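Presented below, as structure tokens, is a lone chain in the form predicted alone.
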């Protein structure tokens, strides 16, 4: 006998399992964002140096993660590289690594764009008071460019969170994977259970990502008003 579909969410420990899966997805995203942010700041600053070889290498790194689909990267890092290089890492750790490297690549381009947008007068003023190259980045270029980076960085964070939905492909027990297990285990009792489970997962992702989207749009509008004012 079929039951009301929404009850599948409250059957046994299904709700707890879904929220636990959401925490796994969020944990992977948070670690990747923190590591990727630090690495991206460094790589972005390096991309503004007048070193052709370094700039080519970092550009290739960016294009590698920008061109290759994330699902391919996950398969490459989780299934192919460990077999060929005898690497022993769990699925969650490998997912953190992939997302961190991807975030760092995209972040480096955001940082580079922000730094080169800083007024040359600011740089000249820093040089005039005797700042060396490192001090220029620390006291002038990066602080002055942060406001320009924030909207694009928020959008990138939102992309990372949404892309964690691919983690089930490498057997990470994320919210999507757990949702699929719940549907398969209760499919006969709840004929439209998939609608309610995936609908609930949609709401969870919406709650995480929509405020970030609103914040990014607010900052972009504020920047336009400031520029025109």
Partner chain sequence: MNWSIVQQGIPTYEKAFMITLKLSFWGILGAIIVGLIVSFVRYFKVPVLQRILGAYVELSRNTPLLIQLFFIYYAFPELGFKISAEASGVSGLIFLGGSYMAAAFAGGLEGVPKIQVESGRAIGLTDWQLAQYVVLPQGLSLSIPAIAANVIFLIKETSIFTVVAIPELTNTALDQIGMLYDTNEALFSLVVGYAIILIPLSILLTWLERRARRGSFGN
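Model, not experiment: these values are computed from the prediction. Residue numbers count along the first chain shown, from 1.
Not on display, but discussed next: the form predicted in complex with the partner chain.
The contact residue chosen from 49, 42, 68, 30 relative to the partner chain in the model of the complex is 68, the criterion being a non-hydrogen atom within 4.5 angstroms.
Listed residues 125, 146, 89, 80 were compared with the partner chain in the model of the complex; 80 is the one with a heavy atom within 4.5 Å. Heavy atoms of residue 180 reach within 4.5 Å of the partner chain in the model of the complex, making it an interface residue. At least one heavy atom of residue 162 is located within 4.5 Å of the partner chain in the model of the complex. Although the partner is absent here, residue 192 sits close enough that one of its heavy atoms falls within 4.5 Å of the partner chain in the model of the complex. Not displayed here, the partner chain is kept clear of residue 216 by more than 4.5 Å at the level of heavy atoms in the model of the complex. Relative to the partner chain in the model of the complex, residues 105, 115 and 141 are all farther than 4.5 Å at every heavy atom. Counting a residue when any of its non-hydrogen atoms is within 4.5 Å of the partner chain in the model of the complex, the hits in 190-212 run 191, 192, 193, 194, 195, 198, 199, 201, 202, 205, 206, 209, 210.
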